[in-house]
Every structure is written in C-alpha cells, then in structure tokens.
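So this first bit is one chain, no partners, the form predicted on its own, shown in structure tokens.
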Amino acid sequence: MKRGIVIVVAVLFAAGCIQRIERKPDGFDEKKVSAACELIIAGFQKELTGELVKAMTEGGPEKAIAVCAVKAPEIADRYSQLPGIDIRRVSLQMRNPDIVPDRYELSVLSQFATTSHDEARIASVLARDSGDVKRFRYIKEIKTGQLCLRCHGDPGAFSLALKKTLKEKYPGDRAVGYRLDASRGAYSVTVIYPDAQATVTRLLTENAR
C-alpha cells in the first residue's frame, strides 16, 4: 500500500513539473512591448516628417507627394526588418491602393473616424496566443496636422501642379478633404513573440540611456 502511495505521489509530482514547464514565462510584457511600439512609431514619424519638411522647402507639395510615395514605404520596410516587427500606415481613405487595412485595422480606424478626441488614440490587442507564439497588435491614430493639409486638405485649394501630380501618381486618390486635427489614419504595428524579444529589449535599453 505504501509503495502505491509513493507511485501516485511521484506521478503527481511529475505532472506538476510538466505543468510548470509549460507555464514558464516567455518574456512577453505588454507594457514593455507597447513602449517599444511607441518608440518605433516615434522614429518612423520623426524621419518621415523630416523628409516631408525638406521636400516642401525644396519643391512644395508636389515634391512631398513623391516622399510619401517612395520614402514612407522605404522607412516602413526598414523598421519591418527588425526581428519580429512589422509596421505600416493605414487609413479608411487610402492614397496608395496597394495598402488595404485588414479586419482589425478597419474596426479601429472606423472607431477613430466616428468619435473625436484631442490626442492621438491607441488601440491594442493580443491577437493570438498559442502558448509558444504571441501576436500583438498596436495601432496609433494619425491626426491631421497643418503640414498634412497641404496635400490632404481641401482639393479645391490645391494648385494645378499638385492636382496634376496626384492624378498621375494616384488616379483613384481618396486621401483628401481632411480638416485640421481630423483622424487621418494610423500607424499599425504587429509584434511577434518570441521573435521580437531581443528587438524590444534593445529598443528599451537604448531609450533608457
């Protein structure tokens, strides 16, 4: 009888060990991952704004259109080369027809568009958690700034040169008619764990210096 009890206890202990191994922390911390997303978005935004201001100074809105068409995707691709990271800009009124919001992005963008708020809003969700792999979505609203209005505002105020450039590059353009501070779209970041663990750690460490 004692031998049977010992066997049962051993089996239960082994089962408990297996359970603890399965629940071993994978390093995912939503607050830290969200902070890393903010750093990526801030870097993207700063670099793109710098390119736009430079283009506006050198050639006006017509040259800025080229920046959005070429430089913005290049910046997004560069950040998306970070392990476990993907970032892009999305909108309900896209200028680039090749960029189509997915279901989650559409739901968030629709909420942003039908409600108002002074500050840029954020939405996030742990879209998948299979135990081994986590897929975290982080979306930050893009507000229409004064600079944006030069190419995204009232088309009736656009110069003939700008209208021609838009027609040539984006014949089906819908990204116009925005007002100052209106919700114009969002930065959409997807973080895959554990692939992004080293990336998140490095970003937070560098920012803390």
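None of these values were measured; they are calculated from a predicted model. From 1 onward, residues are counted along the sequence shown.
The form predicted in complex with a small molecule is left out here; the points below concern that form.
Visitor: At the 4.5 Å heavy atom threshold, is residue 84 in contact with the small molecule in the predicted complex?
Guide: Judged by the heavy-atom cut-off of 4.5 Å, residue 84 is well away from the small molecule in the predicted complex.
Visitor: Decide whether residue 96 counts as a contact residue for the small molecule in the predicted complex under a heavy atom distance cut-off of 4.5 Å.
Guide: Heavy-atom contact with the small molecule at 4.5 Å: present for residue 96.
Visitor: Any of the heavy atoms of residue 151 lying within 4.5 Å of the small molecule in the predicted complex?
Guide: The answer is yes: residue 151 has a heavy atom within 4.5 Å of the small molecule.
Visitor: Is there any non-hydrogen atom of residue 180 lying within 4.5 Å of the small molecule in the predicted complex?
Guide: Close contact is absent here: in the predicted complex, residue 180 is far from the small molecule, nothing within 4.5 Å, heavy atoms only.
Visitor: Using heavy atoms only and a 4.5 Å cut-off, determine which of 42, 35, 161, 69 is in contact with the small molecule in the predicted complex.
Guide: For this set of options, the contacting one is 69.
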